[in-house]
Each structure stands twice: as structure tokens, then as C-alpha cells.
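A single chain, nothing else alongside it, follows as C-alpha cells in the form predicted alone.
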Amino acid sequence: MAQQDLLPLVKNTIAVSSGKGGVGKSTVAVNLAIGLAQNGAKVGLLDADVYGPSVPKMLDGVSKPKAEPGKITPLEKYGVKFISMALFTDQNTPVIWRGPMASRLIQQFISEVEWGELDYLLVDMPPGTGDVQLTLVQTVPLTGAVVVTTPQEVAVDITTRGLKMFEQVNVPIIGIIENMSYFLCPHCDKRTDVFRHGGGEKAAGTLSVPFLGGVPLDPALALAGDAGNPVVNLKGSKRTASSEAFAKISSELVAHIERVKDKSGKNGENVRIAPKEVKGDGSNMVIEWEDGLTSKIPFEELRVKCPCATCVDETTGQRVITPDRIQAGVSPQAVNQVGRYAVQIKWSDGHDTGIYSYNYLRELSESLAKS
């Protein structure tokens, strides 16, 4: 089983996500990136929010990156390397793209940007769950995801659905951040829960994922972002409660990333059973699992059980491909890892759109063992 390592010099790739727009996800991503850099880490920030890119504005990035065929040099500010669609387009020109075009851009930002050695590459995701999110989790084995929400119930409910998406593709949840957690009056220090309070922490407890912290609703946060000098970067008397919150959350983030990696390496609770090796023995796909089980699935059986939309009707769930339509002696020509959760098989009959999740392969293996 092989996968081209598109980011060989990047130690940790972290998705910063939200279930809905308007929760301050990009603001969180930018401040976390700078906070990590202030702690001595080498940091990159990929603005994957193709339709609403805002990272360059907050990082005071106005120049176009140097670009040659197959090679893009990211800009750098406050110790953070960054790239964004906004650096290549006029600010008054809307991005009117279908999903596949946006997905190709993300692949280009991953494979062609010269990130160099990084301790952390943060990816500012578009809100929701769609083509860009799927492209990312299928292209890069993410270390984990940070989910941003606001306190009110409707935001938390939508955030929870987004979090479930990462779980389904075997991406560990590093933690939840509650933005706009409360308002602290700059004159009397009185605290007001404008959007209620504690929804993010409650969701973290319910879903058994870490709560990384809350960020107050702070006028300085918007002003600093608009000025291209994010609050975590403010010095001395200019620092605010949100500056301190981001500094603390950045430190918490490092600790929780290491815990996620420890669990991943030990088949912990956040990571499902995955194959150690997938190979062919002439007529069977041999899968050696992390828990010691070895299973064999005949090539023809695996081909007929392909789960892609060409082979299975998406509306009815009925299998379109049948054994009598499978080419005799069909065999895999290549088996490529897809993110952290699946393999994609290229077959000798030319079929190559089937993505077999680890869970699906495990279920198929156990079903054949019982028959």
C-alpha cells in the first residue's frame, strides 16, 4: 500500500474547521498560527476557504507570491508562511467555481507550494462539509482537526455534524474552540454572555473530545485583524483578553496534538483499526491488520464489491455491477492510501474510482471468514 507523500517535510497537518460560516474560524486559524510561531515552531497556513478567503487581509499580505510552473513560493508574515486564493485574484472579483475546480486548487496548494520544513501546517477550511473538505482528507493524512464554534445551540448543533464528518474519515479531533464565548466590558470588566455560554465545552464533553478553550467577543479582535496585525501579536498594554486566550489555546493545542499522535501510534480510542499492509498474493488481496488479524479477499470478490457510484446505485443502494460482468482474472494494478481512512484500487479492467474504507474492508473480511 503506497501513497505519495506530498508534504514530506511537514510534521503535523491540522484542519481548522467549522460547521457553519460566521463563527470566526479564519480569525482563530490566523491567531493560532501566529501563537504557535511565537512558541518557536515553524508554521504554515493554507487558506482553503476558496470562496471567502480572508487570511491575507488579516496577515497584511498584499503582494502576489512568486509562481513558476509547478512551484509556488508562499508569503511570510509574523513567522507564518501562508498561501491563499486571494493572493492571485482581484479583491472585487468573485470566485465562481464548481467544486472540482476548487478541489484542484487545494491539491495545487498542497503539492506545488514550497512549504519547506514545518512543525505545523494549519489549513483554514471552508465552512461545512463538501468537495474541498473531502479533497483534503483524501489527499493528505491529516494529523487531526480543530473545530470552531460559537456558544449558541444552533451553531453547536451544526458544528457537531461537521465533527462527525471527520470521525467518518478517521481524522482525530484534536479539540473544540468556542469563539465569541463571552463579552468582557473594557471599562468595568463586567462579563456578559451575549450568545449564551458554554455550548462548545458542553459539546466537547458530550462527544468526548478535548475543549481547548474559549475566546471572548473582543472589539480589538476585529480591529487587529482588519489592520493586518492579529491580537495574539499585540504587545504590552495593547494586549487584551482575547490575546491571552489565543496564546493559552496555542499552547494547549501543542499538547493535544501530541496526545492524538500517541493514541494514533498505539491504536488509541480516536483511531479505528487500520491495515498495516495491503498486498496481493496472485489471486487474493492480503490484508494484515494492526490488531494482528490477517485476511484474504479474492480479487474478483473485491472487484464486484466495489463501493463507488458506478458500481452501486446511489439512490437505491442496489449493486449495479454483477459477478458475470467482471473480467476473468481481474487484478489490482495499484493500491493507494487515501488519507487516514481508505485505499483506492486501480484494477486491470481500467476501473479506478472505488475507494474502500478500512471499515468496509474489515466488514468484508469478517463476512467472508464467516461464510
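What you are looking at is a predicted structure, and each value in this text was computed from that prediction instead of being measured. When you see a residue number, it is the position in the sequence shown, counting from 1.
If you look for the form predicted together with ligand ADP, you will not find it shown, but the lines that follow are about it.
Here the chain stands by itself, but in the model of the complex one stretch of 178-186, 276-284, 70-78, 108-116, 178-186, has heavy atoms within 4.5 Å of ligand ADP. Taking the partner from the other structure, ligand ADP in the model of the complex has no heavy atom within 4.5 Å of any heavy atom of Gly144. Ligand ADP is not drawn, but in the model of the complex it has a heavy atom within 4.5 Å of Gly22. At a distance threshold of 4.5 angstroms between non-hydrogen atoms, Ala222 is in contact with ligand ADP in the model of the complex. Taking non-hydrogen atoms only, Val123 never approaches ligand ADP to within 4.5 angstroms in the model of the complex.
Proximity to ligand ADP in the model of the complex, defined as a heavy atom within 4.5 Å, holds among Gln344, Ser54, Gln38, Ser331 only for Ser54. Residue-level contacts in the model of the complex: of Ile297, Val209, Ala241, Leu217, one residue has a heavy atom within 4.5 Å of ligand ADP, and it is Leu217.
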